[in-house]
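Two forms, one chain: they're shown below as structure tokens, one block per form, named structure 1 and structure 2.
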Structure 1
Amino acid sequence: MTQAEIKLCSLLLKEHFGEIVEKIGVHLIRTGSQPLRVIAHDTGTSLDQVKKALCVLIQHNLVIYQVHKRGVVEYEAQCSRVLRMLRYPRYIYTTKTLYSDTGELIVEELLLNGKMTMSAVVKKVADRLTETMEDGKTMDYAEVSNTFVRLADTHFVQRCPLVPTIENSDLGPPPPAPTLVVNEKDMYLVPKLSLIGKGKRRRSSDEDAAGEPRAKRPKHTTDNKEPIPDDGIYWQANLERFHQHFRDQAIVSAVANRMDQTSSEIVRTMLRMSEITTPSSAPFTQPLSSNEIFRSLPVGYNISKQVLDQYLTLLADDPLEFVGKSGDSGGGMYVINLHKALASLATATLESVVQERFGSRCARIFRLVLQKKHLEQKQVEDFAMIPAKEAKDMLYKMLSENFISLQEIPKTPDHAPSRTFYLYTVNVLSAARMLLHRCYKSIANLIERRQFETKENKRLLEKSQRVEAIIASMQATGAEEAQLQEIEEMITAPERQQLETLKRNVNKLDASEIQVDETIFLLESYIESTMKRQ
């Protein structure tokens, strides 16, 4: 665990959950697994606050617990899961593009709450969608429920581990902490619920609360027997499935840039056919026959079987080897080489970083060393057609930044410089790790900058929010245009300009965070895939 990762985890925990949760979370990240009382003692926090913080972290899958032989429960932070909070906007946006606003809100609720029952999610989402609709229109529970089923069928949401029923029936003393069990068979099985009803607007429920005694209100929830079949079955967003989707999108986009739209559509079809059958960590997809691919092409995509076979042959012969041929049955069996695709994407990322940092000539040298594997300095100068002085300067610059490495091969045991070959090489895995570390530092700096900008303009933002609230309440009561204009003028022209500048800067920082996270995702996927192959 590097300092950059710990700092980024600290910023994310503080932004999402506050200072106490951040203090406990960072302490666990730094020290590893620890029991409750040791955490309270080391952080100087009261036992009650530590318990509440751990509840929050466990609810959001950021901390796991384990019972040791001596009966002590130890808590351990999941740093990689904390870093996933960077990707929350991307998960939500992906669901929006695939399953419209309903799917977006379902995943948003699951990410905000960590774990929820299906009935609770459906009701909350229906209420939120009803509030955005015109007066008189409401969102049906059944419609939200159908979208939830589709998300479960495509594995974007999954069940949380449960406490096995045997433990409850056992007459012995209860264990210090429950052991959660994942049933692979039921992980995506949606319980049969008869959710009948429509979303409610918050205004009407507030009016009811004002008009009737509070004691009457809970009766509505106790009389409602809908959540009972759903009780105890909690759901969470399946982040691995989202990562698989991002990886597939990156591969399709790379094929489209290298070849054409038809090739990318064929690769997209192959990935879609194997998205449920192929594990996310597999180096290859399941073999697919040419006939199966032809039948699965999108409706209205008018290409003949002969043209498809030509495209598949072209893809299989491409030097990048994104698509490979694994047999001749069924018109030819084809697979997508996921590991090679990720390696190509990571290498392209490294090349683009070298080009942006050091210029096109350095990028030429970098690509050359990458292609030839091992080169001496004189060979680099000759192949790249760059003067010796400049080539030497560029090589040393990239060497000092760890983009390329130097390998010594001595002719004699004494390692005498005159009798030693010095070969330049690119260790892609090492360079990817170094760049990933820098990406973590960059995101931490972007978050700090955004927080600084917001803090500096805190008074102005609060004033703007107050004015907007006054205008909204006056519009609701039917105020005249002149009155609204007068309220708007409470914010002066220079203040309005300052707000615009702040908004523009914060939007730029947010966009930069998302772009850096895309690079982080590619590098992490490549490193993970390489480590599994070794």
Structure 2
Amino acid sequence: MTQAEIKLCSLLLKEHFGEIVEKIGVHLIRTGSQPLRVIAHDTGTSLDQVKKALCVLIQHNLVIYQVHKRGVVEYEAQCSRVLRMLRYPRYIYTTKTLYSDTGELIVEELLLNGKMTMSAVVKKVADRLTETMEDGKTMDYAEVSNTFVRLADTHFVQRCPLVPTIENSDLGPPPPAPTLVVNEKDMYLVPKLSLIGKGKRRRSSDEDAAGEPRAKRPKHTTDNKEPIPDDGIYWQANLERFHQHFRDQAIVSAVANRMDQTSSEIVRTMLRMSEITTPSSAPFTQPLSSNEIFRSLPVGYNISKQVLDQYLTLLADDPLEFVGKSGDSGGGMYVINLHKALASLATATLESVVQERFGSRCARIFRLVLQKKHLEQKQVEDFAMIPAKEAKDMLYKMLSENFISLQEIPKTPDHAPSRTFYLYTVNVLSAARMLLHRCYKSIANLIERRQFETKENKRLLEKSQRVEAIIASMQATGAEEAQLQEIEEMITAPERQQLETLKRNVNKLDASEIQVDETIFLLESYIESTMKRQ
């Protein structure tokens, strides 16, 4: 874990779960796995709070535990999983585009709660949907659970590891912690539930504002008494599957940019066909014959077999090698080279970063070195057709920022500089790592800046919230227009302007966070895929 990652984890945990959880989580990330007592001692936190914090972290799949010898339970933080919290909006939005509002809310609930039983998710989502509907209309449980089944079928949600049922024989003391078992076969198997019912609307607002906690209590207890049919079967969002989807989308849009819409549609079809058959970490998809691809093209896409074959040959000939030909049987067998695609996308990201940071002439040198692999300084100057002095300047700048690396090849064993070749080269993997590290830093900076902006304007924000609340309550009681205006004027014009600026800044910072995370995703996928091949 680099310092930048730890810093970012700390900011994220604090923002989502509060200071105590952050303290425990960061401690675990720094130290690795540790038992409960040691955590409490080292962080100087009371045992009860450590327990609470650990419960929260385990619930959200951010910490795992393991029983060690002599019955000690050790807790270990999942740093990379903590960083995934940045991507929550994207997961939710993706489900919305694929499975509309119902799917969106299902995934949102799962991400908000870490893990939930299916019945709980369905109930909650139905209630939430009902609240947004017009009066008199309700959302049926059956409809929500249908969407849930579809999400499970496409592997976007999966079961959490199960607690094995222990026979109730008295074979010594029970273990200090349950060992969770992953059942590969049932990972996406939805339990048979007969969820009948409709979403319930909450009572009108004035009632629950005053006496909600007490009034609601008896209802809750009766709810709990009902036997839960899928007790103990918990579900979580399958982030791996989401990443696979993001990767596929990135490949499709890259093809569309490079060639045209039709070829991207062909690649999309190929990716969709191999979605379930290819594991998400494989470097290639399963080979698909052109006949199969032709049959699976979406209806309404009117291209003939000949045109398809031409497109496939064209794609296979492309120097980027997104699509490769693996055989001639069945009218030609084609695969998608996923690793190559990710490498191309990562390289393109590097190129564009160089272009935006150092200008187009630097980018020319960078691309040149990328293409020719190893170049001497003199060769760079000549090939790039840039005056020697400027070329050197640019080269050194990129060298000092670690985009370009230097390889020494001594002619004599004494490494004398005058008798040594200095070759410039781009090590894509290490450059990608460096850039990733910078991305973590920038997101941490963005979050800190956003928190600073909000803190600076805390008083103003609170005031505007209060005024809005008053206006809302007055509107509910049917106040006159003049009265409302009077209250609205409690916020002066400069204050209003200040609020506007704040809102614009926060929006910009938030949007940047999301978009930097897209770069992080690309670089991470590339690094992961490269590491697996080695």
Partner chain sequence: MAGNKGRGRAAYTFNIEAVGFSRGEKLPDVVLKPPPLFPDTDYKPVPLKTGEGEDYMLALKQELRETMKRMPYFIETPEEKQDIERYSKRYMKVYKEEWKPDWRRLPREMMPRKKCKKADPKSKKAKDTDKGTSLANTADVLKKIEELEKRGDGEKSDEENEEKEGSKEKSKEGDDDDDDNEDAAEEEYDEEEQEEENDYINSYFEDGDDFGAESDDNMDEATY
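Everything numeric in this text was worked out from a predicted model, so none of it was measured. By rigid core we mean the largest C-alpha set that fits within 1.5 Å across both forms. Every residue number counts along structure 1's sequence, beginning with 1.
Participant: Have a look at both and say which one is the form predicted on its own.
Facilitator: Comparing the pair, one sees that structure 1 is the form predicted on its own and the remaining one is not.
Participant: After the core is overlaid between structure 1 and structure 2, has the C-alpha of residue 483 moved by 2 angstroms or more?
Facilitator: Comparing forms between structure 1 and structure 2, the residue 483 CA shifts at least 2 Å.
Participant: Given the rigid core as reference frame, how large is the C-alpha shift of residue 496 between structure 1 and structure 2? Answer in angstrom.
Facilitator: The shift comes out to 2.5 Å.
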